[in-house]
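Next up is one chain by itself, shown in structure tokens, the form predicted on its own.
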Amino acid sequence: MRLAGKVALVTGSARGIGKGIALRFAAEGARVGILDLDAGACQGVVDEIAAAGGTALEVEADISDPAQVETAVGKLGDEFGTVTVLVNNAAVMPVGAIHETSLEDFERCLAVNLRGTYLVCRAVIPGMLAAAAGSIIHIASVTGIIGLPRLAAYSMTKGALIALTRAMSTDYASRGIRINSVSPGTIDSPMLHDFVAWQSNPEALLREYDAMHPLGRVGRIEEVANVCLFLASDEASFVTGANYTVDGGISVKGEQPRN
């Protein structure tokens, strides 16, 4: 129970990596706020956690909207107390080179991936400062480190989150708040399957992704969640300003898919 007594907020936790993180945190004793756009899907995760003996709360919100963020964080605080662990996971991933990306998609990517992260941090940090304790984890991506085709806008925002991690860590280290980022590689998740569905031969691309990783396969959601658990726990008490790649070695090897 490495997170016993902690209150965690995980954005984008109705499915995929965010859901996996929320389930892992709850299993380790945290009371978890499940934040996403879909209240029904959020409640489904809350029910799943409750069935496993954990505690969670549905806090529906569009994180690009300041009022909705403040309401969600307030609701969680009223029910569980001060948020001491925040995982900024919510993201959208428009597919295409820059000239193929619509202005609407580009601006939505900025609004969710960056503006949303800012708004949630702004809402949560005052409580962490009052408690002189907190762990913030930004879910970035190896696309913010290496170039991958047809993910320009998404890659830009993920690189920005890695830079934000470094900057924020210098602002809050002396005040008890640690800030780190996790950069997943290719993970077997709904976002991956949404992406390959746009390609000419999805099954072939999935096999190619397996083959190009030095470990010989794509990652699993729980492998990302395990790293987040470490960073959220007191075991990482001397870790701040770091970016952890969870990518099966792809960022070292540097090979790219051809599709």
Ligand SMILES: NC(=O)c1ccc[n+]([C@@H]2O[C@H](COP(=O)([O-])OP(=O)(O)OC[C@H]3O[C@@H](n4cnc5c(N)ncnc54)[C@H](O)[C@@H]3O)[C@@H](O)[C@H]2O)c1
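Predicted model only: the values in this text are computed from it and were never measured. One-based numbering along the sequence shown.
There is another form of the same protein, the form predicted together with the named molecule; it is not shown, and what comes next is about it.
**Student:** Counting any non-hydrogen atom inside 4.5 Å, which residue from 75, 108, 175, 122 sits next to the named molecule in the predicted complex?
**Tutor:** Contact residue from the list: 108.
**Student:** Going by heavy atom distances of 4.5 angstroms or less, which of 153, 128, 146, 112 would be at the interface with the named molecule in the predicted complex?
**Tutor:** Here the answer is residue option 112.
**Student:** Heavy atom to heavy atom, is residue 92 within 4.5 Å of the named molecule in the predicted complex?
**Tutor:** It does: once the named molecule is placed as it appears in the predicted complex, residue 92 has a heavy atom within 4.5 Å of it.
**Student:** Does residue 24 make contact with the named molecule in the predicted complex, using a 4.5 Å heavy atom cut-off?
**Tutor:** Output for residue 24 is no: heavy atoms all beyond 4.5 Å of the named molecule.
**Student:** Would residue 191 sit within 4.5 Å of the named molecule in the predicted complex, counting heavy atoms only?
**Tutor:** Contact check for residue 191: yes, within 4.5 Å of the named molecule in the predicted complex.
**Student:** Applying a 4.5 Å heavy atom distance criterion, does residue 139 contact the named molecule in the predicted complex?
**Tutor:** So residue 139 counts as contacting the named molecule.
**Student:** Okay, which stretch from 129-137, 83-91, 163-171, 97-105 lines the named molecule in the predicted complex, with non-hydrogen atoms inside 4.5 Å?
**Tutor:** In short, 83-91.
**Student:** Do all of 12, 17 and 62 end up near the named molecule in the predicted complex, with near meaning a heavy atom within 4.5 Å?
**Tutor:** So, yes: the whole triplet contacts the named molecule.
**Student:** Let me know which residues along 175-191 have a heavy atom within 4.5 Å of the named molecule in the predicted complex, or say none if there are none.
**Tutor:** Going through 175-191 in order - heavy atoms within 4.5 Å of the named molecule in the predicted complex - the hits are 184, 185, 186, 187, 189, 190, 191.
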